[in-house]
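As a starting point, one isolated chain is supplied in structure tokens, in the form predicted on its own.
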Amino acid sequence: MAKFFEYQGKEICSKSGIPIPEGVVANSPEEARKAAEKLGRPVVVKAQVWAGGRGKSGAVKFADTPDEAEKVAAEILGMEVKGLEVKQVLVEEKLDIVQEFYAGVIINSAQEVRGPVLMFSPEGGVDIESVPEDKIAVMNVDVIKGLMPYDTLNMVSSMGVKGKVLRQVADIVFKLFKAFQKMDCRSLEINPLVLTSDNKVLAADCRMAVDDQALFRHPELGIKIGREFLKEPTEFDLIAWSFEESDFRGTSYVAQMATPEEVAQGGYVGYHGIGGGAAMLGMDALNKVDLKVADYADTSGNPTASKVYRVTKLIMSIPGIEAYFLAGFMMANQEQWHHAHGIVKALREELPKKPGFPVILLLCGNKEEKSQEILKEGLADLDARIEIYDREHVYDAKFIGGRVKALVDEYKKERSAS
């Protein structure tokens, strides 16, 4: 799912008629100071990262003056929250909160639901999972009938919300669901939705995730890659996504796993798996022999030779890798000669640039005999350490991992001697 920062979710809420606190996004301590000066009142400075638990991590701080806002922004920017670096903060007016609510919509894929689920609780500000069941109103929304304003009015009222605030809260919950529909969300949550001392109801926080398959309908969101990313995509990631975006035949999931600086330290392998579970088996085999993967790749679902070729070329382009490993730890029912043709073409173009480079290929399944023939004949004359395995070793991850390690050690020794 494509995720969004808090301020981006709040922008969607605001456009949908949901009140939000006044705030400014800042990329530096100086910008945070200017934002606080513009707001002209005490503020809260909040890290913008795709992770929860910011308060517990010290990534949310209050400031009474612009000087304090600059100081706390300097403390938050650059810190890590659950492994994610903080590059932006939201400087927002400090609210005098009287009560906190929770409102959210998610997609429930269970067979008995298969649709949107609307939730409301008078106990917000904490993870919804920790709220007692009797304090949460839940509604499976009929996708044919839709949602009516009286539905949310009844829902909010059933949780004990009364008086003038009832209609405000119910209206926001209704608008939240409409925003969820319009933006093709998988989840949209306001936690907390707050009542202030001057009787205003505002979205004090927002989490939003949009269905990857619907991103083509929302170019205005500026999402570069149509699948879940916990970090800003690199150039490698963007190139890899272009393979998938332009050709739907089979899967070519490729992502960068290590920075160039990390790969340069040694011990990294260019990794090419076939099938998600099988690919994990190969990664585990490498970890057990003290090797790491520079990338994660999975070509499955009967991809074309051209798609496999592009993935292999991209993996081989990673500077500093010490081997290329095709981890086909599965008896695939896809026609494996497509893999064989794509890999041979890519390696024949790349291996002459890397004399003695280790290549370990495990490929088996449908059309296995023909595929093995293509690999062995196509790579026979190349100056490289090439080992090719078939179904005999399809479950022998320990053996294959050991062979990768042995060839890498030989390669490193040869290079250090020269």
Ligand code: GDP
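Just so we're clear, the structure is a prediction, and the values are computed from it rather than from any experiment. Throughout, we count residues from 1 along the sequence that is shown.
Not pictured, yet referred to below: the form predicted in complex with the named molecule.
*Asks:* Please identify, from 25-33, 47-55, 364-372, 64-72, the stretch that has a heavy atom within 4.5 Å of the named molecule in the predicted complex.
*Replies:* Comparing against the named molecule in the predicted complex, the contact stretch is 47-55.
*Asks:* Please identify the residue among Asp298, Asp205, Asp295, Glu322 with any heavy atom within 4.5 Å of the named molecule in the predicted complex.
*Replies:* Looking at Asp298, Asp205, Asp295, Glu322 one by one, just Asp205 meets the 4.5 Å heavy-atom criterion.
*Asks:* Counting non-hydrogen atoms within 4.5 angstroms of the named molecule in the predicted complex, say which of Glu244, Glu100, Asp171, Asp184 makes the cut.
*Replies:* Answer to the contact question: Glu100.
*Asks:* I'd like to know whether Thr152 contacts the named molecule in the predicted complex, with contact meaning heavy atoms within 4.5 angstroms.
*Replies:* Because no heavy atom of Thr152 falls inside 4.5 Å of the named molecule in the predicted complex, the answer is no.
*Asks:* Would Asn191 sit within 4.5 Å of the named molecule in the predicted complex, counting heavy atoms only?
*Replies:* Contact with the named molecule, yes.
*Asks:* Could you confirm whether Lys345 comes within 4.5 Å of the named molecule in the predicted complex, counting heavy atoms only?
*Replies:* Taking the distances in the predicted complex, the answer for Lys345 is no, it never comes within 4.5 Å of the named molecule.
*Asks:* Mark Val60 yes when one of its heavy atoms lies within 4.5 Å of a heavy atom of the named molecule in the predicted complex, and no otherwise.
*Replies:* Yes, Val60 sits close enough to the named molecule in the predicted complex that at least one of its heavy atoms falls within 4.5 Å.
*Asks:* What residues in 261-287 sit within 4.5 Å of the named molecule in the predicted complex, counting heavy atoms only?
*Replies:* The stretch does not touch the partner at all.
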